[in-house]
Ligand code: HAX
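In structure tokens, one chain follows: the form predicted alone.
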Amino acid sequence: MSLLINKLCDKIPDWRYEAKQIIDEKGDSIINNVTVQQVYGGMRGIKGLVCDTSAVSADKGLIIRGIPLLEITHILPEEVFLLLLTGELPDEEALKDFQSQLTEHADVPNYVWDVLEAMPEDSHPMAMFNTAILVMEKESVFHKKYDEGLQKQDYWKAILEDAIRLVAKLPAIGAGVYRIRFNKGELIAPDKNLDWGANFAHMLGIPDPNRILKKLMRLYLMLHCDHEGGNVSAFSGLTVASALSDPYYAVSAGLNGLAGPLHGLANQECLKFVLEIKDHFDGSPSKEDLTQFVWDRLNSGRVVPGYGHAVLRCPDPRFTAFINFGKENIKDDPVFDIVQNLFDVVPSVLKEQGKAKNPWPNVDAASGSLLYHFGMTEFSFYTVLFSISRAMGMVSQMVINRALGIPITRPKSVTYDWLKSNA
């Protein structure tokens, strides 16, 4: 039995007790009132879920298991995965034990590559990535054990086994999609001496003589790991998983949501905007010229991509982490210079305009520029990177929900006529 299983076996009885206790003590307490505007507004702000892996504070941004994100940007993606699952940062022994599990299950079945090679040459990378996940559903441990009569109290163990096996393969699948879709040559075998994030960078095949790209991928895959339970990808995945669909079905469902332009595709839209500025000025403009450019855009009825967030009332700490990485590792790059200058210009312009409740940048305002700098210029692939990371958060929540026996998600809907008569 792995150290991770042992750790969760120690913690889950306490989590179950705490959940039962709060239901017994406060089960009838009202935590939210729902307005008609919220019902028609995508349920924005309605408190209707429990998610202990992460929280988003309007004033602090993403908090992972009680730790503000900017305090842990130095840790590996594997460490943040264990933090999500257990609520604790692993010691060296636990980390190595988990990394050995990822290495053990990293090989991708050959039939996955056959399917991807057979897809149309102009397939979207996200369609390829999600297809690869879904086609592996036959590998599900949970599916097999459930059919054999697995006890409900042990569902989480089989879900965890699926989660580890799936997450272990995602870097190779993501890198394979990149090389197949964009004609980069033969697939690159994993290097078992590298950690999970660095191995992904290795398998992409992008030149990295100073190993800076490996550092970036560790950071990128760590930063995008989780964002509460109500974002589109997490909520979609958790809803599917609540029907006891295995993680292959559920993660694929969640990532189909991530593929939308209002969710994971936003990073490429932000980079297109930055490149539009670079082309317009034939380089990085002065802050004065950039300010006028932003005003002209707003006055034409267009938004500034990457600025404004549904929850945050501060700069997204993921944006801050990327900017700090860029300042340390990138010199004389007009694209990154524009990203930095936009941060100095846009919030004050949006405040003066008065329409934006939150003028601060989100993570998408910076992430694409870093990928572009290191040679990944294929915009449509960016969301695959997001997906590799976000899968960690989704499967962590799935394990915990099955451990706590959270039932199938089934909110009640009402009709327009009911609202007219009863609201």
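Here the structure is a predicted model, which means the values were calculated and not measured. Superpose the two forms; the largest set of C-alphas matching within 1.5 Å is the rigid core. One-based numbering along the sequence shown.
The same protein also exists as the form predicted in complex with this ligand; that form is not shown, yet it is the one meant from here on.
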Is G308 close to this ligand in the model of the complex, meaning a heavy atom pair under 4.5 Å apart or at it?
-> yes
Decide whether S380 counts as a contact residue for this ligand in the model of the complex under a heavy atom distance cut-off of 4.5 Å.
-> no
Given that the partner is absent here, does L262 sit within 4.5 Å of this ligand in the model of the complex, heavy atoms only?
-> yes
Does this ligand come within 4.5 Å of any heavy atom of V304 in the model of the complex?
-> yes
Quick one: from A266, A201, V240, L85, grab the residue that has a heavy atom within 4.5 Å of this ligand in the model of the complex.
-> A266
Picking from L298, C314, V115, L76, the single residue whose non-hydrogen atoms come within 4.5 angstroms of this ligand in the model of the complex is L298
Among 46-54, 26-34, 391-399, 359-367, the region lying within 4.5 Å of this ligand in the model of the complex by heavy atom distance | 359-367
Residues within 4.5 Å of this ligand in the model of the complex, restricted to 54-92 and counted by heavy atom = none
Core-superposed comparison between this form and the one not shown, V39 Cα displacement 2 Å or beyond = no
Would the C-alpha of K152 be classed as shifted by 2 Å or more between this form and the one not shown after rigid-core alignment?
-> no
On a core-based superposition, does G354 travel 2 Å or more at its Cα between this form and the one not shown?
-> yes
